[in-house]
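The chain below stands alone and is given as structure tokens, in the form predicted alone.
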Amino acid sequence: MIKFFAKRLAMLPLVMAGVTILLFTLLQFLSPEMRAALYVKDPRQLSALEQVIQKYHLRDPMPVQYWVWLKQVLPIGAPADGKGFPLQFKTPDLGYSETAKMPVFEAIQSFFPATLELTLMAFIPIMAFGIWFGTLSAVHKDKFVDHLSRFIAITGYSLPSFVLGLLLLMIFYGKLQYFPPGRYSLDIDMLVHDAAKFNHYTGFLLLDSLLNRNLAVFWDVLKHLILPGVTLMYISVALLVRITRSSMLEELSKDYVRTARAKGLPERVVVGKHARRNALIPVVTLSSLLFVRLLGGVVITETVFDYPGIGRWGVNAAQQLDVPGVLGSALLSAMLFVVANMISDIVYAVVDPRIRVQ
């Protein structure tokens, strides 16, 4: 298992290098003046673009430009004098985002925790409910539970997220005055930005509120997560239920399940220990892709609920031709996808030991 994990981990830098080369190659379709925004640390530098172009070799061949850019982006580098070892850790310099009015790395640090909180709020119930209900539906095929799962899957898969989001807002916020949009209320906004009263330890407001022992902030942030979390859960759980059901039905019809039942094993053991474990392979694949999609920012849901997530910022950056913002958002999404694939490979090996041998 350790050898399998080491192989997957060793491939990670190579894959990320390939992704960065691809993204940087696409940037070559832009003019040197537009690419100069990647190296601007202060908006006032925009008045001296020619100096930036010359300093960072933006009219040189692409491999030279890529090496200059990579040294700026990597979180490790040579000491300040440029000589000797050891290498020092530094903050990646991804340029200045006009959309966020801050450096790109700071924008990612600001928006990504909000998206991660929303993702975990939706993903954990999606996995728990999707696997449980899909298994239940397969075990009770063509019965009421199975028909109910089909109804949930069809409505969840076909209902646009913005329609469900607007309906939930009209009912719970418009009529009942519960679960407001945004990330927090106005009074909480003033509190969390007061350094004397609220310490930001991690950037995750739910966790930071507990570390600050401030339950008012915790419950307010949690209330704002309920509706977008429910929207994402209902839309996303539909496909997971159907995949789990189909995979379970296939496994339950195999000979080893009939043998286990003939040996007198309890049904919960046959289903839970034998059939479901083998049925989880396609579920793991779908779950990793789903988690990356949620982490990359669900733009429509974040827009409907006025939620300041990474996806909404990335789309705004694209609309305003904010090159550093778009590239930073793309790099983050690519990194998340690569890491999620590596984790899914490891989970495969845990679920099915035969994969380690292959």
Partner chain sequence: MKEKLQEIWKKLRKKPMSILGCCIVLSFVVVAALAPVLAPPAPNSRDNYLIPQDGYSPDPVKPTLADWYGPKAVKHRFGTTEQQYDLYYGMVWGTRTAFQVALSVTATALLIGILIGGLAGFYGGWVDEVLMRFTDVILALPGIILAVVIVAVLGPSLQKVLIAVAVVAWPSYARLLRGDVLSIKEREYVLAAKALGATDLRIMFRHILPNCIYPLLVVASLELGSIVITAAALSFLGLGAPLGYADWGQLISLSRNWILGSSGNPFAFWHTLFIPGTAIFFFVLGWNLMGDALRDILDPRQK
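Note that the rigid core is defined as the largest set of C-alphas that superpose within 1.5 Å between two forms. Keep in mind that what you see is a predicted model, and the values were worked out from it rather than measured. Numbering follows the first chain given and starts at 1.
Although not depicted, the form predicted in complex with the partner chain is the subject of the following passage.
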125, 131 and 291 - do all three of these have some heavy atom no more than 4.5 Å from the partner chain in the predicted bound form? no
Just to be sure I understand the contacts: of 254, 101, 143, 175, which is the one whose heavy atoms reach within 4.5 angstroms of the partner chain in the predicted bound form? 175
From the list 167, 195, 211, 190, which entry has a heavy atom within 4.5 Å of the partner chain in the predicted bound form? 167
Which of 220-228, 167-175, 105-113, 259-267 has heavy atoms within 4.5 Å of the partner chain in the predicted bound form? 167-175
Is residue 277 a contact residue for the partner chain in the predicted bound form, using a 4.5 Å heavy atom cut-off? no
Heavy atom to heavy atom, is residue 154 within 4.5 Å of the partner chain in the predicted bound form? yes
Taking any heavy atom pair closer than or equal to 4.5 Å as contact, tell me whether residue 350 reaches the partner chain in the predicted bound form. no
Just checking whether residue 162 would be counted as a contact of the partner chain in the predicted bound form - the rule being heavy atoms within 4.5 angstroms. yes
Check each residue of 8-27 against the partner chain in the predicted bound form and list those with a heavy atom within 4.5 Å, in sequence order. 11, 15, 18, 19, 22, 23, 26, 27
Core-aligned CA displacement of residue 226 at least 2 Å between this form and the one not shown: no
With both forms fit on the core, is the shift of the CA atom of residue 335 between this form and the one not shown 2 Å or larger? no
For residue 247, does the CA position differ by 2 Å or more between this form and the one not shown when the superposition is done on the rigid core? yes
Just to spell it out: taking the C-alpha atom of residue 313 and the C-alpha atom of residue 15, is that distance smaller or larger in the predicted bound form than in the structure shown here, given it changes by 3 Å or more? closer
